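This text opens with one protein chain seen in two forms, each one given by itself as structure tokens under the names structure 1 and structure 2.
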Structure 1
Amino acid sequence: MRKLVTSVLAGIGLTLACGTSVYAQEKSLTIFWAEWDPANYLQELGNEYEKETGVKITVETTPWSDFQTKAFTEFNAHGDAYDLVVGDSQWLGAGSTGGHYVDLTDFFKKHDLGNVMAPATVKYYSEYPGNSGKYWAIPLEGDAVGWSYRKDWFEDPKEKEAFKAKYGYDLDVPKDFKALRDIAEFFYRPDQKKYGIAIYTDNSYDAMAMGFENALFSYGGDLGDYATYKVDGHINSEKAVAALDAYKELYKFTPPGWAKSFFVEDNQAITENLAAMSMNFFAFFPSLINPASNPNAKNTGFFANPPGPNGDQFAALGGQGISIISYSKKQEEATKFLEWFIKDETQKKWAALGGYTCSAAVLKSPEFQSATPYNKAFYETMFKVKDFWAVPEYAELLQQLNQRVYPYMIGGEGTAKETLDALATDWNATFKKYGRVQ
């Protein structure tokens, strides 16, 4: 009898425990992202959400090196380990056509996100196919390529006098790509171990594309027509050719051994007194204003990617949007979290924690623009961003760009026109293979 009572009590206890577990599971969400500081900021923001709603947010991370592989392994298995993912913009095509992402088009219309968020960020973090009006992600971590520079070098009276004598105008933050090139040339002094500029040149993933795009878009060129996938006459247009020549010209003024450089090396160009100016994603600028990681922190300034010769001004997009995973059993709860995330007050908290908001209202606010030395440049950039192809075959297109552009940029093989004509042929064949063009 005693044994029976114990068993009954144990059974009741087990039932209660299971009930509590199910309840806890229902009141929790797991977000998958790569391992870096913004993911920590998102966890802090999630803790705020838990205090307000009782829904526990867990931001699960993995190193960048296996982020995509791990995410798509889970997607392809239709697993529900994650409820939301902060995915790269290039994933939009594969995420949507593969059935992995929940269609957020009605959510966008209901909350007018085309205007609530900076429009350029909505276009490239959220919409697929291009110009379709179909949305699959909410802009979460805005990012793009900007520039840091050595204020002490620029403001030195002797340097200013010498620059004006040589170029006929004042040394200042470059107003266009011509000035960017002139300043790079002016500070290129190998005998002093000082160099003009640091740019992206690595060809192992998207560094070369992200770097070249800053010249391409600001010279008025483009990758192609995002609606028709026509590339001939776009990626090899006169403007695109001029942009590639301009980007290669900048490479002449980089530090020695700069043929495989990306974000780590470009920050080192500033911290190790190598270059006057350095391109990098805004996401990597916080360490440049920290004296612990940059001995030149107080002398480091920032500016947005400058206009090209005809006044066009754009920058290559980085960053990610957040999507609801279609295999999640908690889609309704995930939608509530997104409704909370897009509120102005939440976006202010996100920015204050260190996240890069895409909220148009927050970006435009003087409070945001004065919060860090680079926020004003970030605001100027996020309304003028463009991105690489977001189609499922983007990796092939990226590899083809690297294989064509790198030999010209670094090895001096062929001409810019020959390089981009060949790239147009490659891309056209790829789009034919996937049935996007005849």
Structure 2
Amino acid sequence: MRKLVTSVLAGIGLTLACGTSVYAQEKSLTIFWAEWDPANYLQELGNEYEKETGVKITVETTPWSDFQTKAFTEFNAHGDAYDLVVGDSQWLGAGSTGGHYVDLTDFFKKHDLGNVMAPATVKYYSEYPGNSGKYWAIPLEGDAVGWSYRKDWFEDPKEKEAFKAKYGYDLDVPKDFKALRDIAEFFYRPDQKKYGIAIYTDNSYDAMAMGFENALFSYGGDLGDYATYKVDGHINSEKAVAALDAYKELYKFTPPGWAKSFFVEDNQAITENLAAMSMNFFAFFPSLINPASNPNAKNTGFFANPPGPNGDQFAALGGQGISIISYSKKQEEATKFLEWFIKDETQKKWAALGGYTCSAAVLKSPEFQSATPYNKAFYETMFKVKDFWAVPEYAELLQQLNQRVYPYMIGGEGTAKETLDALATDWNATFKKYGRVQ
């Protein structure tokens, strides 16, 4: 009898436990993203969602260096640890053709997101293949490369006078790449431990590509023809060669040991009084206006990537869209979260928390543009962005770029023309291998 009672109680307990577990599962969503401030903002936004709906949102993060590996390892295992992922823009090809992302085309059309979101964000964070009308992500965190600079160094009357005497024009926020180079050279003073500029030089993942693209696009060059995958005559065009030379020229004015630098080091260049100007994604700028993390916060200004010699002005795209993972067992719940996320009021909250909304209306609003010292530059930049290849083999293309451009940039091997010719050959072979060109 005692055994019978124990068994019945155990059975009831087990049933309840399973019931609770299922209930808990249905009422929670896990979003995977990289470890940075916007992920914290998304968690705060998720807490709002939980208050409204009772669905718990957990934003799970991992360092940027592991982000791609960890995400794709989970995809490959068809794991359901995450329900949504805020994936890099270049993952779109691999995510969609690999069957890892849920097709959001109907969702996109139903909510007219092509018009609600800024055009560049729709093009680069959501659609694959380009101009196909197939959408795999909702633009979440808009981002692009911009610049921070030391206002106090720029506004010092002695520096202004000396600059004018040397270059024949006023020291100010650079109006073009030539001025960017001149200012970098002017402030390059190793004996005073002051340097001209901080740029991306790291050759792992996409740092080098993101840095070089700012010069490439603004010099009128391009990575290739996105429709035909023809690269010869594009990535090694005269404009592209001039852009690579210009980017390498900037490296001369960076602080010592600047051969493996990305977003962390580029912010440190400003906080530690190392450089006059520093390249970085806008998403990393909040810490530069925070006196707790930047002692020079009051003296830090911001500007958009300047135009090249022919007046072209573009910037490398950062940022990510949010996708539903096809192996998630809570796709319906995830869709409801996305419906809430794209609402105007949510987008305003997202922007207020510090997230870079992609909502065209919010971006255009004076409230957004005056909210921080860099939001206006961000707004201007987001309409002038271009991105790296988003094809499934993007990682091989990135690796080839690193293998070709880095030895030229840092080691001074060969010429810019030889470097980009070789890169064109590599990319062409890769596109041939995957059947994109004959």
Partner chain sequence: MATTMITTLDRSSRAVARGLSDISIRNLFIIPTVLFLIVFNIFPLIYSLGYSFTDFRASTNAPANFVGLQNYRDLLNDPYVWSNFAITAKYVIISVAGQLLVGFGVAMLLNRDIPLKGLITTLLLLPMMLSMAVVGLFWKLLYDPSWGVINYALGLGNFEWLADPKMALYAVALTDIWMWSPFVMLLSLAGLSAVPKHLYEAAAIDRAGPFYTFFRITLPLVAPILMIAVIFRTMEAFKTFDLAYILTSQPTAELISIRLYKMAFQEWQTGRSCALAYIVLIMVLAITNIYVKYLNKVKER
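The term rigid core refers to the most C-alpha atoms you can superpose between the two forms while keeping them within 1.5 Å. When a residue number appears, read it as a position in the sequence of structure 1, where counting begins at 1. Keep in mind the model is a prediction, meaning the values are calculated, not measured.
Of the two forms shown, the one predicted in complex with the partner chain is structure 2, not structure 1. Put simply, the smaller rigid part swings 13 degrees relative to the larger one between structure 1 and structure 2, by C-alpha superposition. Superposed on the core, the two forms differ at residue 54, whose C-alpha moves 5.3 Å between structure 1 and structure 2.
If you overlay the core, the Cα of residue 107 moves by 3.7 Å between structure 1 and structure 2.
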